[in-house]
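To begin, one chain is listed below as structure tokens, in the form predicted on its own.
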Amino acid sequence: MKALMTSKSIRLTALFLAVAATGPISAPVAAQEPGDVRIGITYTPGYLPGLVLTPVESGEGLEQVARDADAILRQDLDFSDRFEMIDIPGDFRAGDAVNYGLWNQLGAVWLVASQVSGSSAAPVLRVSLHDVVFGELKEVRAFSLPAVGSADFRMAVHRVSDQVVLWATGEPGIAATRIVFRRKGAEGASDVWIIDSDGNGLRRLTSDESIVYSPDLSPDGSHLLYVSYVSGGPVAYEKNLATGAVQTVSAEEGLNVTPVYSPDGNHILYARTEGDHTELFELQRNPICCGRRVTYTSVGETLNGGYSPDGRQLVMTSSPLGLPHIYVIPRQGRGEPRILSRYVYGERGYATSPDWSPRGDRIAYQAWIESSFQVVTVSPDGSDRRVLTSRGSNEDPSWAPDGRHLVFASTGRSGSAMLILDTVTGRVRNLTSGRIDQLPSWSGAL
């Protein structure tokens, strides 16, 4: 069997022993607080513009819709980490007309006012964004929502929240996104689960009662790639999340692992056995066909491939130097691989699980530092290396579509969790806790 093992890729059979030899990762025993993870770099407090969200107003019969929409909007804007959320004092009286002077005294830069109209079966949420500093209405729009009890209600309000973030900052929000991940059960089996980025909407996507790895959502969120042992060996599958239909992506003899979608959703990049090692291959999609070999490393394992946002380059894990490191190569042709992770001759190095930021400016990965895995980011040219975490074991980083938030699996003194880190402010919050949740992959905007 192979000597290489990567956390985000396979963790299977003898390959698992390679990581176990470098340092075992303890099993979780309880929920983990974000305080168990120390942020490895020093964040200089920056300016966050103050934002006030007035309570969502409503007519008779729409009170519940207004309360639910208010709670979702308030949490989404807070979790965006773009604003200082300002509470309205109990004795504050703003009046019916927008008094920009009063809101300015409260410290607000932005004012969000909302009203619900229509019916409970077809509510309409009208949202206004006011620029308090310049004393003007910046944007206003009405959004049709599903019924408050609908499974689509939260996601519809998430999209409204992301629109407010876009209005105020010119950059995308992350509320209308989901994260797929591998959850291990008590007997060692695992399945793919999905959760909204705010921690709601948890549901199971596979029921193989086997071992699964490497979940990845298609850009439009309609399909799921994953690897399963349900048929005996590691086979790559694609599942239609609307119909439940599953098709085989690759079932070649040996390993078929780490499948991911291209940014346009038209190709699938994965690793499979080629001779006595693994190489990257690419398939066309719809229908799946026309595979081509992408890498020709010949020595060591090559897997964990991923695309640059423009689709012109690939990032990957490869081990021609003996232990795995992160490399970048051109997508087309056989360009010389460029190493990104820290390598010093004679020193121990171990880096895996790369993920290219949707902004294109950073690549995140996990590296073995001292006695555990930590989350690291680096520029695509290999400069400006930043170790983001330094306590516990932190693995499998995946970027949000805003290119500033990361989700990763963490094991600390009090157990296991999936955490979300804002790489700008250093704020950390729990996504899940108390379970063995690993290999998260953040969707694009849905």
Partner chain sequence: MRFKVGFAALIAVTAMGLSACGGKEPPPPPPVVDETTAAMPDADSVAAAELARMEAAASQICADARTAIANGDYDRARRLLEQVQRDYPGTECANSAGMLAEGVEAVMVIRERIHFEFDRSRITDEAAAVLQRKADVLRNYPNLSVTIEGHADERGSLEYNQALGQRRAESARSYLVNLGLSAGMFRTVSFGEERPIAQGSNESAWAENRRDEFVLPNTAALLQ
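Treat the numbers as computed from the prediction; the structure is a model and nothing was measured. Residue numbers count along the first chain shown, from 1.
Keep in mind that the form predicted in complex with its partner chain is missing from the display, and what follows is about it.
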**Q.** Segment assignment from 82 to 90, 124 to 132, 108 to 116, 206 to 214: heavy atom within 4.5 Å of its partner chain in the model of the complex
**A.** 206 to 214
Q.
Does its partner chain, in the model of the complex, lie within 4.5 angstroms of each residue among Gly173, Val315 and Arg404, using heavy atoms as the measure?
A. no
Q) Is there a heavy atom of Glu370 no more than 4.5 Å from a heavy atom of its partner chain in the model of the complex? A) no
Q) Quick one: is His277 in contact with its partner chain in the model of the complex, heavy atoms, 4.5 Å cut-off? A) yes
Q: May I ask you to state whether Val157 is within 4.5 Å of its partner chain in the model of the complex, using heavy atom distances?
A: no
Q: Consider Pro234 of the chain shown here, and say whether it contacts its partner chain in the model of the complex, taking contact as heavy atoms within 4.5 Å.
A: yes
Q | Option touching its partner chain, based on a heavy atom within 4.5 Å in the model of the complex, out of Tyr307, Phe153, Phe143, Tyr229 | A | Tyr229
Q. Which listed residue (Ser357, Ser319, Ser250, Ser161) meets the criterion of a heavy atom within 4.5 Å of its partner chain in the model of the complex?
A. Ser319
Q) Does any residue in 426 to 442 get within 4.5 Å of its partner chain in the model of the complex, counting heavy atoms only, and if so which ones? A) Gln438, Leu439
